[in-house]
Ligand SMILES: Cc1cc2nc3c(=O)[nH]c(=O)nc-3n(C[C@H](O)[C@H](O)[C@H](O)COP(=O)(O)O)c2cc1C
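Take a look at this one chain, the form predicted on its own, written out in structure tokens.
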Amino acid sequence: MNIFLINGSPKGKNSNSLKLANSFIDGIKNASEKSKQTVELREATLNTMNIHSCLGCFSCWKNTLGKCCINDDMSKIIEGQLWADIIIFSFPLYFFNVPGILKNVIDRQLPMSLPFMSERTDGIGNGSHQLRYNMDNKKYVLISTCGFYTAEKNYDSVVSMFNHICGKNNFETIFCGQGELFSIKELSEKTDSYLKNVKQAGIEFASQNKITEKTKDKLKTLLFEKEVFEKMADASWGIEQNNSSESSTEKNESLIFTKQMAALYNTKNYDGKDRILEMHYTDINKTYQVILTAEGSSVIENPTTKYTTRIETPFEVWVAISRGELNGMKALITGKYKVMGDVTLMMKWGKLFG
């Protein structure tokens, strides 16, 4: 089984979508090992390749017949697709479609078609061109993350484009919202669970040529609820909404971190007690208060109100705890941080902050 992975992210190897694609391929390999089928993988990382935009000259149709007049790396992309049994497009959603470097690749596939007009039988568009090569047995998969809380209703232009390219619904899709979370170590418990479902999708695709509805439903499950995710996402920019026109030369990482922590507050587990959690980061001398009520959470800089619970900790220690690199209880016992005031908050931490 030959797999050709086209990594269309401008971030290259640091792509969040690529994390999903790699898990999917791991699933294919897992299933293939059980069936004693060999798997060969080729990967095209577009941000490292020399691929120009199409000139629209039609030389590949009337002069050089199937060969582009531009001598660059696009020939490797065409060769890879002809070689592959499975072609995987991995990319982030940019302005509701594929990034520019991937669109260049799509435009440059003109040599793979013949110039003569033909009719389609799948009801997509009006008119088409026959393919120069037999692609009937190729399998296509689109894997993508986006920055919205959900992928639903955000990929209609992507699906429409690939319906034209591959044939109506002649491809599988894994579209995931909240994509930036896959690069945040503190949230790896959530994202690793999702990646396991993506791997299962790869196993099913290799063994059944499709992803089951059960797994598709799991892949549609939100990592976080809309309100929680959007609050974390807004905090990540390090600027206030009412000052969004002003430039900032330096991000306050501790404030961003505290706001994102506050965004995880689960009002469903509110126990009737309002709290003022004061975070004092001893190594950077920053203090914030997180107000926790039945309505939600908010963060106050330079607080003057008396806290109900105060945590004194080096910022890096608290970050390490949130990432699972340090055990919170052991860190407390060994004096890596201190808790003052109402310590019962620590007993309820898992419920209140998920």
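The first residue of the sequence shown is number 1, and the count goes up from there. Values in this document were obtained by computation on a predicted structure and should not be read as measured data.
FYI, the form predicted in complex with the named molecule isn't displayed, but the following is about it.
The partner is not drawn, yet in the predicted complex one stretch among 133-141, 208-216, 194-202, 175-183 has residues with heavy atoms inside 4.5 Å of the named molecule: 175-183. Between the named molecule and the residues 281, 171, 94, 265, the one pair within 4.5 Å by heavy atoms in the predicted complex involves 94. Only one of the listed residues (224, 148, 257, 162) places a non-hydrogen atom within 4.5 angstroms of the named molecule in the predicted complex, and that residue is 148.
Taking the partner from elsewhere, residue 336 is found to have every heavy atom lying beyond 4.5 Å of the named molecule in the predicted complex.
The closest heavy atom approach of residue 23 to the named molecule in the predicted complex falls outside 4.5 Å.
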